[in-house]
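Below you will find one chain, with nothing else, as C-alpha cells; this is the form predicted on its own, and questions on how it binds or moves follow later.
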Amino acid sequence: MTASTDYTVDELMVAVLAARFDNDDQVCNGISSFLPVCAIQLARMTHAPDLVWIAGASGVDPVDVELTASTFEAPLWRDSVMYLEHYAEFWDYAASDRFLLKFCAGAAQIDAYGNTNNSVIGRYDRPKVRLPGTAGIGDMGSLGKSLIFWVTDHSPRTLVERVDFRSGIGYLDGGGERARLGLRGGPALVVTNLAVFDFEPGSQRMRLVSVHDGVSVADVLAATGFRPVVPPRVPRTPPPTVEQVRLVRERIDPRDFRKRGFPTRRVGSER
C-alpha cells in the first residue's frame, strides 16, 4: 500500500481512528461524530469488512450511507439490514459487556487522565459557558468500554490538567482509581489534530505516542494544558495510504463534513 503525500489532517485522523477498529467489532456513533463515522466506513471498506455498525444508534449495517449535517439523521441509516428501537433495545446492547466494546467520543475538555467535560465551563451552578451535555459520554465512560477520543482543536483550553466538570469518567485521578471503583475499560487513545496519545499504564496519565507530519514535540507540549508522559523517542504518525485518501474524498465524505471543527491543511503539499 502506497503512503499518501497529499492528505489533510482530518484524513490522517480518520485513518488513525479506522485502524482501531477490527473485523469482529461492533460499534456505534454519537451525535456530530463526522470523523468517527468516516473512520467506521473506511474500516468497513478496507481491513474490517465484517465490522458491525449501528449507525446513529438505530440502523444496523447500513448501505448507501449518506453523510449529512448530522450523524444521527435518517440518511445515515435509512437503508439498513435491521433497525433498533433506540430506548427499548439499543441500551441493552450498550450495557452488555459482550457488545459495543469500543466507543469514539469528542468533548470540550479532556484532562490528563482521560476524564471528559461536555457540561459546563466554570462552576456548575454559575457556569461561564453551558455546553451541550453529556450525551453518551457519561454512559459509555462507566460501562467498561474502550474509549477513543478525537480532538479537532488541540489547545490548552481543550486538553487541560483537570476538567471543570466530569461529564464522563476516564481514569479519575489515575493510579488505579477507576479499577478500585470496580469499573472496567477506560480511555485508550486520544487522536488530535497535532498528535496521538495513549495512557501510561502505571500512572494512567496521557502519554505521547506520535506527532503528525510538520508538528514537533515542542509544538504539542506548548498546545497542551498539562505535561503528558513523553517517551525518549516520539515517531511520526504514519500517513494514510493513497487508497484511504481516495475512499474518504470520493466515496465516504465527498461533501467534506469531516472538516468541521478545525482548519484543514494538506500536510504533504506544505512540505
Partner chain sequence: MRDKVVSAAQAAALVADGDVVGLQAGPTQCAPMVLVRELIRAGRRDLELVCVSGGLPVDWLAAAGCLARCTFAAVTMEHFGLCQRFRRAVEAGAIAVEELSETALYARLGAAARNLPFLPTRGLIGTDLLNVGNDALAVIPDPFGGPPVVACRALPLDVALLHAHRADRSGNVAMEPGVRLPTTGTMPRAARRVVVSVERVVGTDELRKAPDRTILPGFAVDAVVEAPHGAHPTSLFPSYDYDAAFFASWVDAAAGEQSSGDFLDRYVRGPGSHEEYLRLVGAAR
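These figures come from a predicted structure and were not determined experimentally. Positions refer to the first chain, counted from 1.
Just so you know, the form predicted in complex with its partner chain exists too; it's not on screen, but the next bit is about it.
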If the cut-off is 4.5 angstroms on heavy atoms, which of these, E89, E73, D173, E161, is the one near its partner chain in the predicted complex?
E73
Would you confirm whether the three residues T8, F21 and D64 all fall within 4.5 Å of its partner chain in the predicted complex, going by non-hydrogen atoms?
no
Check A218 for me: does it contact its partner chain in the predicted complex (non-hydrogen atoms, 4.5 angstroms)?
no
4.5 angstroms heavy atom contact with its partner chain in the predicted complex for F99
no
With a 4.5 Å heavy atom cut-off, would you call I169 a contact of its partner chain in the predicted complex?
yes
Is Y113 a contact residue for its partner chain in the predicted complex, using a 4.5 Å heavy atom cut-off?
no
Heavy atom within 4.5 Å of its partner chain in the predicted complex: which residues of 41-62 meet that condition, in order?
S58
